[in-house]
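First, one chain by itself: the form predicted alone, in structure tokens.
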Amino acid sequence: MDTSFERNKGIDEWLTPPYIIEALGSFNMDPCSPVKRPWDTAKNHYTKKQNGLLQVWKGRVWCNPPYGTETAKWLEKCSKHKNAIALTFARTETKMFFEQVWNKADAVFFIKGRLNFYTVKGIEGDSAGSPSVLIAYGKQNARILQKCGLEGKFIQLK
């Protein structure tokens, strides 16, 4: 979920393209799921109503967090959980990226081109306002990113 998608003001929930989830395999939990969604991203979902940051995370986690000032909190929880893949904008120069990605993640995968996120009605939106990156927390998730088959560049960090 992305609550500040730059090019489409007025819509505050954006979904990961389904082919990204398919390429990464099954997840046990999505703590950032919209209340209404056209497809599942994991076996279990937390929405804004349950506040996934406050919940206990179990198993392999998919995290497309709210973008903006809240993103760092979600990535910190991913790093502490140690079994997650997160999707964010590739803002590699930011304090958040240095604190929560460069120094804590096992690997990153920079997606070639700009993603088209989807609305909660399953409609594809315009190109994202920035490039995107998948962030692996945990060695197994790093291996999955390395072999995912998506177009882009894999970088092992640990």
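Note that the coordinates shown come from a computational prediction; the quantities given were computed from them, not determined experimentally. For every residue, the number given is its place in the sequence shown, counted from 1.
Another form exists, predicted in complex with a small molecule; not displayed. Remarks below refer to it.
Looking at 106-114, 92-100, 125-133, 42-50, the stretch with residues near the small molecule in the model of the complex, meaning non-hydrogen atoms within 4.5 angstroms, turns out to be 42-50. Contact annotation: residue 145 falls outside 4.5 Å of the small molecule in the model of the complex, judged by heavy atom distances. Heavy atoms of residue 16 reach within 4.5 Å of the small molecule in the model of the complex, making it an interface residue. Mapping the unseen interface onto this chain, residue 61 falls outside it, with no heavy atom inside 4.5 Å of the small molecule in the model of the complex.
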